[in-house]
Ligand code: G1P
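One chain comes next, on its own, written out as structure tokens in the form predicted on its own.
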């Protein structure tokens, strides 16, 4: 079960970051000196992924421009002998093979994954959400890939959350079968704390199989008119075993303002260029 391809759903509107995301895609919001999606693609590459599929929509051309060659910028940097910056800019366009699929209507994450089926073909694939920044000694998606290769089944990243936060996530019901590993029997999308079957939430990393595509095609939109991946996965549990893996690492929900700020602080403290100065600044604050 070799995973060579990864889908990045990036057609959402990013309303939690308005007005900044009125003209700038949420995935391009800067986290220190790189946009969010850059971190996710680096994680995918470090996990052996060879091909990236990004689902975009109207107004997201900045993503394509970012990963494209910028001849004018490269020429300017070369003329000014800024060789370090030139190398970093060139590395971006040489990162990986990237394909783009446009989601013409805002029909949800399930639909976004479904429209990538022709590029995925008949092989397992990964799904990563750019606004989940996960720091780990072994990349999170690689942890899932290793589990999926052993189990020969789909594996979802799961994380324990506070009961009052279950309404923000898809929550699993399942049986623990090994350290960090659960056999999923059901999933509920954004349940209230009283209705949640557990405190284990699915977060933005998945290793899936092509059996999901026909099920997503049959999945009905929810009350908001969107096709949820959770509903497709619930149908898939009736056909094949699906597992949840409690990954090792630290996750930042950079899709929320507070989560973004936490990620900025953590990464800034570790940044080779600004870490020492930033740490001294934080010490000087009287909170």
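Note that the structure is predicted; figures quoted are calculated from it, not measured. Residue numbers count along the first chain shown, from 1.
Not on display, but discussed next: the form predicted together with 1-O-phosphono-alpha-D-glucopyranose.
K.L.:
Consider the chain as shown here, without its partner, and state which of 189, 199, 74, 149 has a heavy atom within 4.5 Å of 1-O-phosphono-alpha-D-glucopyranose in the predicted bound form.
P.N.:
The residue in contact is 189.
K.L.:
Go through 108, 174, 204, 124 and name the one with a heavy atom inside 4.5 Å of 1-O-phosphono-alpha-D-glucopyranose in the predicted bound form.
P.N.:
Filtering the options by heavy-atom distance leaves 204.
K.L.:
Counting only heavy atoms and a 4.5 Å cut-off, does 1-O-phosphono-alpha-D-glucopyranose in the predicted bound form sit next to every one of 51, 67 and 117?
P.N.:
The answer is no: none of the three residues contacts the partner (heavy atom, 4.5 Å cut-off).
K.L.:
Of these, 222-230, 54-62, 32-40, 257-265, which stretch puts a heavy atom within 4.5 angstroms of 1-O-phosphono-alpha-D-glucopyranose in the predicted bound form?
P.N.:
This holds for exactly one stretch, 222-230.
K.L.:
Going by a heavy atom distance of 4.5 Å, is residue 129 a contact of 1-O-phosphono-alpha-D-glucopyranose in the predicted bound form?
P.N.:
Output for residue 129 is yes: heavy atoms within 4.5 Å of 1-O-phosphono-alpha-D-glucopyranose.
K.L.:
Does residue 139 reach 1-O-phosphono-alpha-D-glucopyranose in the predicted bound form if we count a contact as any heavy atom within 4.5 Å?
P.N.:
No, no contact at 4.5 Å.
K.L.:
Would you please decide whether residue 182 lies within 4.5 angstroms of 1-O-phosphono-alpha-D-glucopyranose in the predicted bound form, comparing each non-hydrogen atom pair?
P.N.:
Outside the cut-off, so no.
K.L.:
Can you check whether residue 16 is within 4.5 Å of 1-O-phosphono-alpha-D-glucopyranose in the predicted bound form, heavy atom basis?
P.N.:
Yes, residue 16 is a contact residue.
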